[in-house]
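One chain comes next, on its own, written as structure tokens: the form predicted on its own.
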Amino acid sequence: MRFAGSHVLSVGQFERGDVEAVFAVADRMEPYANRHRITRVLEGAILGSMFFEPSTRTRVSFGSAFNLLGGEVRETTGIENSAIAKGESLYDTARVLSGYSDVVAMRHPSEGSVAEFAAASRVPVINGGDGSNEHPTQALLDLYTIRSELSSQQRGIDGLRIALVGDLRFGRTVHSLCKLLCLFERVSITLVSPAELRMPEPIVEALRESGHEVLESDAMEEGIAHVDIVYSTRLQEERFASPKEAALYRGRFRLNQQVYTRHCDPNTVIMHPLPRDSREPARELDDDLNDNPNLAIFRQTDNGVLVRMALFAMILDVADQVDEHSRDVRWYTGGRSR
């Protein structure tokens, strides 16, 4: 993949070497993300942050990543706060707002909408999630986290054993992650979900055609045994026909410390794309896991900044100039830790 000037719309754009290139640049961003150094390599550049669907982590981490590279952010949040609410087309919105920006990060509730926007944009566009379709930067940060967590065990992604648990039908994060895993070797994947919320069949077939072992199950306790990673997902209630339908599956697969101790290997890493549902009937990850050192969910969110910084630097073709525009931090940063 040629990153400079390119859109990032789907993980299908990436080959394994591309993923490894992003990760290499992300590694170099750590001093800046941790506020040990400041770089102004994107001073004067503008990110158009266009989030037409609710978002906290993705929207803020995109903005933080751009700010940490020295750029500025202009935000549009919610369809109701944009000209789209007045009937403006995505084409017209793209033509106008891309004229105000050097790169755009976009989330939209409709599948294919970000690609439609990108086709009319005058600047690179990064997909921050389009309906239940894809979330490529989340998949990259998830895989980066898996790589980081397994490195402490002298392991790599090849040979990974992972259980994906929960709403696999509508969960765009797991769709994109599975597509990236097709680039690696000897991965064993257990897909744990109710029958009605199974992973889409084309993705399952792609995994198997890549030579991976895939097991589908509705039994969480068995599915999370003897794996390296348990990746839990939130029930995507907003994508169901009605709240009543979503309620049928709420809280079906709940992981707490007792279940973890009983069924997981001692070093099993717990991941979740967040937000995790904190409502009592709906919880998928209990708060009693917060002190578990293998809970990696907040390391995931930190890694999101690194990966998105890397993508901005590569797309705007400044990855080799970041250190040239850097200096020491002047404020107290001793309270920060990863």
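Numbers follow the displayed sequence, beginning with 1. Predicted model only: the values in this text are computed from it and were never measured.
The form predicted in complex with phosphoric acid mono(formamide)ester exists for this protein as well; it is not shown, and the discussion that follows is about that form.
Of the heavy atoms in Ser232, none are within 4.5 Å of phosphoric acid mono(formamide)ester in the predicted bound form.
Using a 4.5 Å cutoff between non-hydrogen atoms, Thr145 does not count as a contact of phosphoric acid mono(formamide)ester in the predicted bound form. In the predicted bound form, phosphoric acid mono(formamide)ester sits within 4.5 Å of a heavy atom belonging to Ser55. Though the partner is left out of this view, Leu274 does reach within 4.5 Å of phosphoric acid mono(formamide)ester in the predicted bound form, counting heavy atoms only. This chain appears without its partner; in the predicted bound form, the one residue of Ser193, Ser121, Asn127, Gln138 with a heavy atom within 4.5 Å of phosphoric acid mono(formamide)ester is Gln138. Residue heavy atoms within 4.5 Å of phosphoric acid mono(formamide)ester in the predicted bound form occur in exactly one stretch of 283-291, 38-46, 23-31, 56-64, and that stretch is 56-64.
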